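Starting off, we have a lone chain in the form predicted alone, written out as structure tokens.
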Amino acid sequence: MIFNKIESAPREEIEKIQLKRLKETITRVYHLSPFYKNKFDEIGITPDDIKTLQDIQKLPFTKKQDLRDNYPFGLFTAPMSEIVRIHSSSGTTGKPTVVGYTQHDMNVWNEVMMRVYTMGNVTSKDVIHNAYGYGLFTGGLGFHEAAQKLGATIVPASGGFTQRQLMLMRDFGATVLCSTPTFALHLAEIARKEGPEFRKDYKLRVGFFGAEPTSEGLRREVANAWQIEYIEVYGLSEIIGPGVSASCNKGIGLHINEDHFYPEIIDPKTGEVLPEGEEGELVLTTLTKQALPIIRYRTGDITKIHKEPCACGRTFVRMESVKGRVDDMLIINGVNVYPSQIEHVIANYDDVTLNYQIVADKKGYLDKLEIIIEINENTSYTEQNLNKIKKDLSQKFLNNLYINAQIEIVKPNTIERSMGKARRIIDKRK
């Protein structure tokens, strides 16, 4: 089942739409965004220079730091009177990256998410249990509104409260689960305690999973645990949120909604555009966004793109599941966390030093984050004071970065060093 006929249009028609929309977007940012006008002027580019899709390579890249540098609304190309929603992610210095949406943008978001749901044959007869977090992150609300547009019943469960989630899934007759894959496994693990035949009490038939890296083994384990169809969903708030691409049940890879998001694969070191099928960094350009158009955004995600039509009938290009990152970003239970963000919180707390170590591990199927920090030499090393420091820092990480972290405070020169520097990140999940 295909939601919109454009998803199966001939390549020539898709590329004609892309070029038209690209020209419109370039004209919009050139005239309405001082940031982009300055960047274009620096290299001598005007909208008139974009005549083919290949001409996009003449344009400069946009990075996450550009959004931070223009906090909060410096990259918006629509007045606040037209902004109907704002989302954001946590920021390195306490300033988040902010994204805005006009009603037109919301319509685009709902459109691409309805396409995603249709890949799992979701209709108005379905009950959707949404276990993505609601709030400033795009996950929960990104899945929510499109479900309503389809006429399905949406249960806004959000994250956490495992036993309650299972009760709602069982009692409300959920047929669709939306969550991170590791939380889906955690739910299955707890439900399995009810007995090996626990699945007979649930009506789940399909799940939409994203917000964290996955392997083929993890996808298979989730599908087998619940005996459901697994739909992988990819997105990022800077571009739209969930709905940039999603997998179908016929082929390999995730169909990019490329009438709204133009994809490129580049060499992460040189910035050179790579041929089809070669692995590199995914770069995306929004083609229809009004509030926050983004030109050649470097996602940091490593993948490949394939153009051959899929057995499902869709002709949109497909990206492979993300294989890794070009930077040191960690994804903890669906939340993006940079070591620099953690360091900023530590640096603003007087009783500890900047000698720290981040340990990512698993507790069951869920991610667990431990932050080990050396205490300041002049700070009292009493149990009472240590407990206060742990409590304070835990709350700061939760308030600033939206992460639950276990804090361990150790004496000076305790953390192992290499070439005089503390080893910063240990990811035991790998």
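All figures in this text were calculated on a predicted structure; none of them were measured in a lab. Don't overthink the numbering: it's just position in the shown sequence, from 1.
Quick note: we don't show the form predicted in complex with a small molecule, though the next part is all about it.
Q: Given the stretches 114 to 122, 198 to 206, 229 to 237, 308 to 316, which is the single one in contact with the small molecule in the predicted bound form, using a heavy atom cutoff of 4.5 Å?
A: This holds for exactly one stretch, 229 to 237.
Q: Is Pro213 close enough to touch the small molecule in the predicted bound form, meaning at least one heavy atom pair within 4.5 Å?
A: Result yes; Pro213 sits at the interface with the small molecule in the predicted bound form.
Q: Taking heavy atoms only, is Pro293 within 4.5 angstroms of the small molecule in the predicted bound form?
A: Close contact is absent here: in the predicted bound form, Pro293 is far from the small molecule, nothing within 4.5 Å, heavy atoms only.
Q: Does the small molecule come within 4.5 Å of any heavy atom of Gly241 in the predicted bound form?
A: Yes, Gly241 lies within 4.5 Å of the small molecule in the predicted bound form.
Q: Can you tell me if Arg85 lies within 4.5 angstroms of the small molecule in the predicted bound form, counting non-hydrogen atoms only?
A: It does not: once the small molecule is placed as it appears in the predicted bound form, Arg85 has no heavy atom within 4.5 Å of it.
Q: Though the small molecule is not shown, can you say which of Gln165, Thr138, Asn257, Thr286 has a heavy atom within 4.5 Å of it in the predicted bound form?
A: Of the listed residues, the single hit is Thr138.
Q: Quick check on this chain: which one of Val322, Ala223, Val345, Leu150 has a heavy atom within 4.5 Å of the small molecule in the predicted bound form?
A: Contact residue from the list: Val322.
Q: Taking the shown form as reference, are the C-alpha positions of Ser215 and Ser340 brought closer or pushed farther apart in the predicted bound form, with a change of 3 Å or more?
A: Closer in the predicted bound form, by 3 Å or more.
Q: Ser215 and Asp328: do their C-alpha atoms lie closer or farther in the predicted bound form than in the form you see, with a change of 3 Å or more?
A: Relative to this form, closer in the predicted bound form.
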